[in-house]
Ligand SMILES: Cc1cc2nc3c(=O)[nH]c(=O)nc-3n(C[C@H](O)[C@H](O)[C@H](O)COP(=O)(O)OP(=O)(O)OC[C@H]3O[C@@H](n4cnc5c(N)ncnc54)[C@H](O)[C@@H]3O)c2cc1C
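Given as C-alpha cells, the chain that follows is alone and in the form predicted alone.
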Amino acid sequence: MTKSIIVIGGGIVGVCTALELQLSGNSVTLVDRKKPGRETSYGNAGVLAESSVMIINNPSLLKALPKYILNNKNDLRYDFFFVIRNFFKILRFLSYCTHKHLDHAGRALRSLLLISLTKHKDWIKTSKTTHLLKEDSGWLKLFRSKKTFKKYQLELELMKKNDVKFTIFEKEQIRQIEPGLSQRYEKAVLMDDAGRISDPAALTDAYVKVFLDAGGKVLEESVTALNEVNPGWEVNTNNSTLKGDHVVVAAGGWSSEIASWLGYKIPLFWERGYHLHLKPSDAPSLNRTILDVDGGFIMAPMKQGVRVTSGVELTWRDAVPNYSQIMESVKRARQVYKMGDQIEDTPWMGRRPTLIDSLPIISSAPRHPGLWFNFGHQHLGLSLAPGSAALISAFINKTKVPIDPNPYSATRFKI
C-alpha cells in the first residue's frame, strides 16, 4: 500500500531519504527552506570514502585538549561563552572518548559506509552523473612531522580492525603521487578505496531530478510546525499545510530544533565549517582530496576551483560568521600548493550536525508513531546518506533492514 511521506530537510541526507522512499513505491514530498543541497551539504569536501571510521571524540582527544586552551589552533576554534553555556553537554561528548566506544562507533560507521557507497554508485549511474565521480583517486592524509604521524597510529589500528585498505607513503614518495605539493610533508596515508565528487551540489541536483521524475514533489518552504493528527501527521510551512502518514526529520543542524517542538531534547552540536575556492595555477593539478593534519585544513579539486575547507568552529548555530579560520587555512594551503586568486568575495559557511557520541540517529521517534529521525551525520553526510536512507525506508516499508540498526537508535539517549 502506498504511503504518503513528508521529508523535512533538503540536504544530501534528506534528498537521499526522499529518493529511496519514492523509488520504493511511496508518495513523497521533500520540504526545505532553500533549494535542496544548498545548505551544509553544499560545502563538503566531496569525499566518498569507506575509510572514515574514526570519530572526533576518541581517546587521543583527551590528551590533546590542553593545546586548545589558548584557542589558537586551526583545526578547532571555539566561542568561550558557547562552551560555558554548553559545558555539561561537552562533558557528555568527552565521556565517549573511550576505546570501547571508539571500536563500537568504528564498526557502526563502517557498515553504514559500505552500503552507502554501493548505493551511491548505482544512483550515480541512474542519474547519469558518472562524470562527477572520480572513483579510484583515493583520499590522502598528510603529516608535516613524524611526531604527528606517530599520534595517528590509533586511527591506523582502527582501520585495520575494520578491514579498511590504506597505503603509507614516505616523504620521497609523496611527490610521485602529488607532484604539485611542496616537500614539507614527512608521511602520508592514502585511503585506497575512496573516490571523490567534483561538484557535490550538482550530484544533489541530479538525485533531486531522479526523485522528481519518479513522481516526487519538492517544496522550497520553511517548516513552522509539526503536529500529530488522527491519522498521520500535519506539517505547516510558511505557505502551506501538508498531511502525511509519516514524517522524516532530516534537517541536519535544524533537526534538534524541530524535534524540540514535540518535547525531544536531542544532544546535538553544530560543528561550523567554512570553504573558499581558489583559481588553479600552473602547478600540477591535485589528483585527489587531501587533508593536511598539522595544518588543519582540506584541499579538494572541484569543478569550481580548488576548494579549501576549514577545521571546526564551535559556536552557536546562527552566530555571525568568523572568517579568520578559513583565511588562515587558505594561507597555510598556499604554503604547500601554488594557487591563484580566490574566486568568491565571501567564504561559504555551513553547520555540521554532530551528536554527543558522533553517530547519527536513524530511527523512529520514541514517543510518536510515524515520526522518524535521520540526522547527526557530522562530517560524513555525503558518504552516509544513501545507507541512512535505506534504513529509514526499511523501517517505514517494513522490509528487511540491511545492517544492524541498533547503533543509530534514538533510544540510546534519554530524549
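This structure is a prediction, so every number in the text was calculated from the model and none was measured. The first residue of the shown sequence is 1; numbering continues from there.
Note that the form predicted together with the named molecule isn't included here; everything after this is about it.
Chemist: State yes or no: in the predicted bound form, is some non-hydrogen atom of I55 no more than 4.5 angstroms from a non-hydrogen atom of the named molecule?
Modeler: Looking in the predicted bound form, residue contacts with the named molecule do not include I55, since no heavy atom lies within 4.5 Å.
Chemist: I'd like to know if A18 sits close to the named molecule in the predicted bound form, meaning any non-hydrogen atom pair within 4.5 angstroms.
Modeler: A18 lies outside the contact set for the named molecule.
Chemist: Even though the named molecule is not shown here, does D357 get within 4.5 Å of it in the predicted bound form, heavy atoms only?
Modeler: Outside the cut-off, so no.
Chemist: Look up in the predicted bound form whether F143 has a non-hydrogen atom within 4.5 angstroms of the named molecule, and give yes or no.
Modeler: F143: no, not in contact with the named molecule in the predicted bound form.
Chemist: To test your reading of this chain, name the stretch in 169-177, 184-192, 68-76, 271-279 whose heavy atoms come within 4.5 Å of the named molecule in the predicted bound form.
Modeler: Heavy atoms within 4.5 Å of the named molecule in the predicted bound form occur in 271-279.
Chemist: Among D294, E221, D199, E155, which has any heavy atom within 4.5 Å of the named molecule in the predicted bound form?
Modeler: None of the others qualify; the residue that does is E221.
Chemist: Identify, from the list Q325, S116, T309, S256, the residue with a heavy atom within 4.5 Å of the named molecule in the predicted bound form.
Modeler: Of the listed residues, the single hit is T309.
Chemist: Since the partner is left out here, which residues of 378-409 would have a heavy atom within 4.5 Å of the named molecule in the predicted bound form?
Modeler: Those in contact are Q378, H379, L380, G381, L382, S383.
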